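There is one chain below, alone, in structure tokens, taken in the form predicted alone.
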């Protein structure tokens, strides 16, 4: 444990299999992943080191701010100058930011093994010209006594992403794929409670970071299956390493990509400037629960502004969605309008119930419906009313909820 007042990052260096080491730093300072998504649970960056037969291979790295810490972690196992290869699966700087300093400590002796698409990005990001080894899909290299197969897995979640499969050790190193937000209490999936705590952060991570590319999750999982790899360990670049049950994280990623519902969970999101629309949303919540569903309920008002990352995380495995918004400047109340944009981009289509309110002219239901149906969502019903809901509006809302549940 760190001493009170110690601001240095928590670093874990652990041998996972013979000669294969996890190098993990817990980023307890980051508030917004990609400077967009709120992550109060924080995140880890996992690099891996393979050491054998006088050679050493580094798989990925850490953010730039932790580059010196990564070099020290490597130095605790092997001299950085002994690195023969650095495999860059994905050039996003939370994994490649440490590359220039690592290569400098190495004397630029190591080959940088990567996708051909990565070379111009690395050169332009970091203004370095290392010794590149640009590999083809499923090409094998021999390094540190191991046969390493490099597998192209595009759009997980940039076009150049790839994975490594260590043939002798049966380890898949997939970089961003099969990872998640948060700082798990363990490094492996050995504790059932840790896994239960962790999976909601995986769901949130998939929805926010990879949701737009969800069809590529399915395609690339099928590609791994078709390659008939015997995978005993999945070692991602964020979060838990899957050793006891690697099948679990593969199946969970696929279920999220397909939008499979988590039971009868219904996402309800309300925007209300002065509380009138909130009344309607609460009626919908009450009716969902009366009919046997459970709700994930978020409210945008003058007291609360929930993180979009949390809402999107709960949207991806909801059975259906209820959006409630007032008219604002002849359009949709901005937080709900932005949320609708995110949902249509990140989430597989779901049945939707739209609730709208207005003072002098209604437009919300029409605009939201056009946006959602254009992305393949099924708008079951639109209920729009002036001011606060009347008794007849309450009846219509309850009936709309019933129809929504029947259609999902």
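Residue numbers count along the first chain shown, from 1. All figures in this text were calculated on a predicted structure; none of them were measured in a lab.
FYI, the form predicted together with a small molecule isn't displayed, but the following is about it.
- Taking non-hydrogen atoms only, residue 273 approaches the small molecule to within 4.5 angstroms in the predicted complex.
- For the chain shown alone, residue 146 is not a contact residue for the small molecule in the predicted complex, no non-hydrogen atom being within 4.5 angstroms.
- Using a 4.5 Å cutoff between non-hydrogen atoms, residue 35 does not count as a contact of the small molecule in the predicted complex.
- Contact annotation for residue 329: at least one heavy atom lies within 4.5 Å of the small molecule in the predicted complex.
- Site annotation in the predicted complex: the residue of 40, 54, 374, 359 reaching within 4.5 Å of the small molecule with a heavy atom is 359.
- Though the small molecule is absent from this view, in the predicted complex it lies within 4.5 Å of a heavy atom of just one residue from 240, 277, 316, 322, which is 277.
- Stretch-level contact check against the small molecule in the predicted complex with heavy atoms at 4.5 Å: of 365-373, 62-70, 350-358, 26-34, the positive one is 350-358.
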